[in-house]
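Before any questions on binding or motion, here is one chain by itself as structure tokens, the form predicted on its own.
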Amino acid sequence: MGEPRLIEISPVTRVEGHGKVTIHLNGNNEVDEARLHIVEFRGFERFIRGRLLWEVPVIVQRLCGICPVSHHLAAAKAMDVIIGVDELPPTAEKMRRLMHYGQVMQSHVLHFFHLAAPDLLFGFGAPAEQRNIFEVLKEQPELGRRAILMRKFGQDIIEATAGKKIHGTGAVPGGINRNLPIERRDAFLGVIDEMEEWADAALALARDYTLQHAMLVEGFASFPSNYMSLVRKTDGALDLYHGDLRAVTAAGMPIFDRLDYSRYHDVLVEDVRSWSYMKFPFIKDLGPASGWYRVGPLARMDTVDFIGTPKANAARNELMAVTKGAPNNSILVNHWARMIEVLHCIEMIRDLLHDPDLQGTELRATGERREEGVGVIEAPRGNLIHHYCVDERDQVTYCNLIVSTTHNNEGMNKAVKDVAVQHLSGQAQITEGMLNHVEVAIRAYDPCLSCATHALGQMPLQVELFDAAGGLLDRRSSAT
């Protein structure tokens, strides 16, 4: 028997934010433990205190440069409650929804084509220098062109509704600060058919990959879990902007249903662990061992009753048929689910663009002040909770945020260990391809590890193997 060893992957690549993975091997080179560590500390819940309620929707979106709209809208929804507004004017409601569908579309397209596609097209063990968007563009230039233009369409929707593509100001407490000019509407309608055609093709790509690699998909970081999402209040359909909370077991049985999201703290507990800056939520009645759950595109497919747009609903039915209607537990199926949601977003955008309410002039509502408000939305990566208390001077006194990646924390850690056991146990030497399998499992969740903006730059993957005494045994870098 040899000495125990530690493998470290730092940083995890092709995700938003900074994180690392540690894998502990025993003397037989078997995986004893594997963990995803979030090594950044942001502190938004603390330094938002004392800021004015009107500032919050603009400030908190600085958490993220990839999904700022999600934080912008979740905070605005919470502030709606605080200023006493329970129902927005139709123009405000629909402009916010349009903004959100543009956001979800562009984020899903970015992840699928820029971050995940290199693994899917070239293989998890392909040379590191091949697994990037530039090689995708070389190999399939038309696919790459469509990816860029689809994301641009989503960003243009955001700009038209929020004022800017990143960190806009469109949503304000009680409503919105602009409507959609006719000329912008007509420009979007001029390309919507092309967007739908391309979304159909992207969906087919994700579906066909999943079905053609069924043995890989079913055996890769596939394990049962609970699932949670918003569902539409009236009929349990998919609703990315608003609804009630629903959670189901791995068998699809209800845990809680039609729960007003302002009562999230009645059913969820946020656990902490010493080795991560990210919390570990679980369902209170089930406890930390069995109460953890997953959120995101696949979780939404598993929890909703149907999708309210025809093409996306037909696509979901095809996905659910794989498991005969039961929840699908295979993490790689997230990619298929994302492309279903891209198609759904385009269908919803089309419907909204034809709605004359987008040119309405009643943009805001007012009501009787309250001290506390909760706003919940389905962000691209899953359920997003914003909870605030505000004093009589309009200053924030309390802030609690549960972001999508936090909900998925336990699931990501279990995926890391599952893949590490499959691909590293019994291996004496490190290969970059083996380690990329671990990263593929993390990427399938599309995590936003810091929910923060990062500059583009050189950040090579560096992995070092140490013996139990701390001696360096091996070192590998993607940059060499």
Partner chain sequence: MSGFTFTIDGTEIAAEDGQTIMEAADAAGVYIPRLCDHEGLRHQGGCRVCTVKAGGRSVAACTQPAAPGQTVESETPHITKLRRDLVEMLFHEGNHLCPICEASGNCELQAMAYRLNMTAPTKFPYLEPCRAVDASHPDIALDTNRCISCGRCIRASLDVDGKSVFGYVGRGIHRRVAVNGSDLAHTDAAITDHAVSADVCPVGCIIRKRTGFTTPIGEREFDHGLIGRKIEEKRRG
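Since this is a predicted model, take the numbers as computed values, not measurements. Numbering follows the first chain given and starts at 1.
Separately, the form predicted together with the partner chain exists; it is not shown, and the next lines address it.
The stretch in contact with the partner chain in the predicted complex, judged by heavy atoms within 4.5 Å, is 156-164, chosen from 156-164, 192-200, 332-340, 246-254.
By the criterion of a heavy atom within 4.5 Å, residue 218 is excluded from the residues contacting the partner chain in the predicted complex. Residue contact check for residue 168: one or more of its heavy atoms lie within 4.5 Å of the partner chain in the predicted complex.
Mapping the unseen interface onto this chain, residue 172 counts among the residues with a heavy atom inside 4.5 Å of the partner chain in the predicted complex. Of the heavy atoms in residue 400, none are within 4.5 Å of the partner chain in the predicted complex. Contact with the partner chain in the predicted complex, defined as a heavy atom within 4.5 Å, holds for exactly one of 309, 262, 225, 177, namely 177. For the candidate set 93, 355, 394, 270, a heavy atom within 4.5 Å of the partner chain in the predicted complex is found for exactly one residue, namely 394.
Contacts between stretch 45-64 and the partner chain, counted in the predicted complex as any heavy atom lying within 4.5 Å, involve 50, 51, 52, 54, 55, 58, 59, 62, listed in sequence order.
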